[in-house]
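Have a look below at one chain only, the form predicted alone, in structure tokens format.
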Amino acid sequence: MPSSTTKPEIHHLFHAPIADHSFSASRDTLAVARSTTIELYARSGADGFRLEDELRGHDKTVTGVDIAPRSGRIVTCSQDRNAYVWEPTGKGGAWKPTLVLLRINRAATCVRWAPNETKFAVGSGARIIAVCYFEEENDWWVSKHVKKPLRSTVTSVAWHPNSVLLAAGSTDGHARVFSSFVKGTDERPEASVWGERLPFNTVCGEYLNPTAGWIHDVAFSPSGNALAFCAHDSSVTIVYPSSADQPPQAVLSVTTQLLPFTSLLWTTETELVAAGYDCGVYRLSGDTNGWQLTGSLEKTESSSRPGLGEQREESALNMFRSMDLRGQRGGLQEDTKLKTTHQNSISTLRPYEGGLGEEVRRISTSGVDGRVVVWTL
């Protein structure tokens, strides 16, 4: 598949890692997790962002941030074991934080709003997923815990379109699908390939990575009828369930010669994009008959052949040749500057235009290099 011809929109915000980022529905506000604060950027001109506000409340590294598309509320979580819901007050652009009762004794690692925005899920190092919802009587956010059969840190969470099923990846090498049904908050979901009766903490699916490698990210397809997850063995696995209590229709694993992916995103029912330690964004496509890596979003020398082994070997050869002939290290600029848009590993992939039932047309990525990049597919 050919690479995208439109140049990516690059925003180099600062020289520090970005743990997570999220755009508002209008794409005029960008929230990024930087160290212990959440920085809010407003669009300035056609292709720039300027720092507008900082949300301060956490006293350790912020690990997740998510903006609810309709309400505009921002949820954040941190290694300080807390989560906050930030609501705009309308007074001079100020934000009002509400502490969420997570009841966890280890760091919070990730957070995502449910599509209907009545709940959000927080993964943690306490082998717990806190499913949080608003209790009108007491005017606060409370949580119910998904515990079994989690045996290690939860690295990622992803919501099914019905806002009841929840996927989670963990460092115990498993990707799992749970029910997060909260009586009084959720309406009973329609029957799906994942099951019919779904009381809270029902395990609807449990899948082990073949090498038991850490699961970095999980994602439901737009219909919710397939699950993809990427692991530390540089593989991407796609699961097509058949029905409740039955073996899956297909479990397809794509092994790559790239460094591990850390983030996944479905663009259509038959296409995924993935990014991670290789610093580039890659496409995968397929269906129940098979999946394959189809190329990179960037037109680089390596996009036609994943894996940079030959390129690195050639670079080493040129360096030693230059040292022999000129007594100096050649290609210094090439040695320090990567051929990819991101100059360090990519931490998060997000839909930028499309999604929520539509085909994703543009995506955004953020990484350790302090860049947020918008790509056209």
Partner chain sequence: MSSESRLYTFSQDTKAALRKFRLGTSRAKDPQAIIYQIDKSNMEIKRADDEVYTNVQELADELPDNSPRFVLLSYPLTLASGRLSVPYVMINYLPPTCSSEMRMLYAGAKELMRNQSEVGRIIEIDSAEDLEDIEERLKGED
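Please read all numbers here as calculations on a predicted model, not as lab measurements. Residue numbers count along the first chain shown, from 1.
Another form exists, predicted together with its partner chain; not displayed. Remarks below refer to it.
Asks: Does any heavy atom of residue 244 come within 4.5 Å of a heavy atom of its partner chain in the predicted complex?
Replies: Output for residue 244 is no: heavy atoms all beyond 4.5 Å of its partner chain.
Asks: Residue 140: heavy atom within 4.5 Å of its partner chain in the predicted complex?
Replies: Close contact exists here: in the predicted complex, residue 140 approaches its partner chain to within 4.5 Å, heavy atoms only.
Asks: Does any part of residue 106 reach within 4.5 Å of its partner chain in the predicted complex? Heavy atoms only, please.
Replies: Flag for residue 106 set to no.
Asks: Contact with its partner chain in the predicted complex for residue 135, defined as at least one heavy atom pair within 4.5 Å: yes or no?
Replies: Residue 135: yes, in contact with its partner chain in the predicted complex.
Asks: Among the candidate stretches 127-135, 245-253, 258-266, 203-211, which one is within 4.5 Å of its partner chain in the predicted complex when only heavy atoms are counted?
Replies: Looking at the other structure, the answer is 127-135.
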